[in-house]
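Below, in structure tokens: the form predicted on its own, a single chain.
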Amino acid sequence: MQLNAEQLKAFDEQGYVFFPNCFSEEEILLMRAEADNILKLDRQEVWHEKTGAPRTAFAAHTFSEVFGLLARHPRLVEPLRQLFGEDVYVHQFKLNAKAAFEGDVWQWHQDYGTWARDDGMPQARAMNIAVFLDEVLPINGALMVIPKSHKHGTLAAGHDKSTTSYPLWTLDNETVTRLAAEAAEPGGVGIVAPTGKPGSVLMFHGNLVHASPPNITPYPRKIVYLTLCAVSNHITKFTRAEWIAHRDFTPIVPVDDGALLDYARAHRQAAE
């Protein structure tokens, strides 16, 4: 999959591009079932909210064949090869769960701020790709982004270790207010919440400011976040666990486009 001229322009100007229906229902059913099983595991990679509800499962692609295929899927890998002009590797893989009634906030932040400060990533030549496993609604903790905020570079941030179970480099209220006001002029929208059906994909710049509110609805919201980095831009500090910030900079070799469907059908036939 390659980005067309309109998508490339939107990414440059707004800092993100959205693809509805990027993955089929059969592919999503496979990944959702796998995600539900992983979030129940007692592993160091699975973090929980203060209530005990699952929050994030790191590095699932290293111990799940299904997510190993997703991490090498051409629909996700090829657009980033196109944007960066070189091969990419997996910097981080997260399965984020906003559990019904218990999913907590993700504060306003930039991902590259963490990658630079904690991991020594030289430049913002890495990107998050969000794959919706559940329907993302305006009411169930949708990701919110501030369009054009990526153009401000890496902003000053404080290290919040207390708000949630996951430490994060966060932006202050004044900065978020200013950026939202700038994004709203002239005739724009200050904050956008991309929503969509399972199988939708959101790609966004490493410096795009984003957050998500708590989920107080009965509707869970699981999203896979695959962070791919240009190989020449690999991290230089190893302060975080390897399963959080990976140290294998081997270029990804994409699988066939139908790899997830082949896996689902092969295992269904085996079960029968």
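Throughout, we count residues from 1 along the sequence that is shown. The structure displayed is predicted, hence computed values, not measured ones.
Absent from the display: the form predicted in complex with a small molecule. The rest refers to it.
> Is there any non-hydrogen atom of residue 119 lying within 4.5 Å of the small molecule in the predicted complex?
No.
> I'd like to know if residue 96 sits close to the small molecule in the predicted complex, meaning any non-hydrogen atom pair within 4.5 angstroms.
Yes, residue 96 lies within 4.5 Å of the small molecule in the predicted complex.
> Is there a heavy atom of residue 221 no more than 4.5 Å from a heavy atom of the small molecule in the predicted complex?
Output for residue 221 is yes: heavy atoms within 4.5 Å of the small molecule.
> Indicate whether the small molecule has at least one heavy atom within 4.5 Å of a heavy atom of residue 47 in the predicted complex.
Close contact is absent here: in the predicted complex, residue 47 is far from the small molecule, nothing within 4.5 Å, heavy atoms only.
> Can all three of 109, 128 and 143 be found with a heavy atom no more than 4.5 Å from the small molecule in the predicted complex?
Looking in the predicted complex, the three residues 109, 128 and 143 all sit within 4.5 Å of the small molecule (heavy atoms).
> Please identify, from 37 to 45, 234 to 242, 206 to 214, 22 to 30, the stretch that has a heavy atom within 4.5 Å of the small molecule in the predicted complex.
Of the options, only 206 to 214 has residues within 4.5 Å of the partner.
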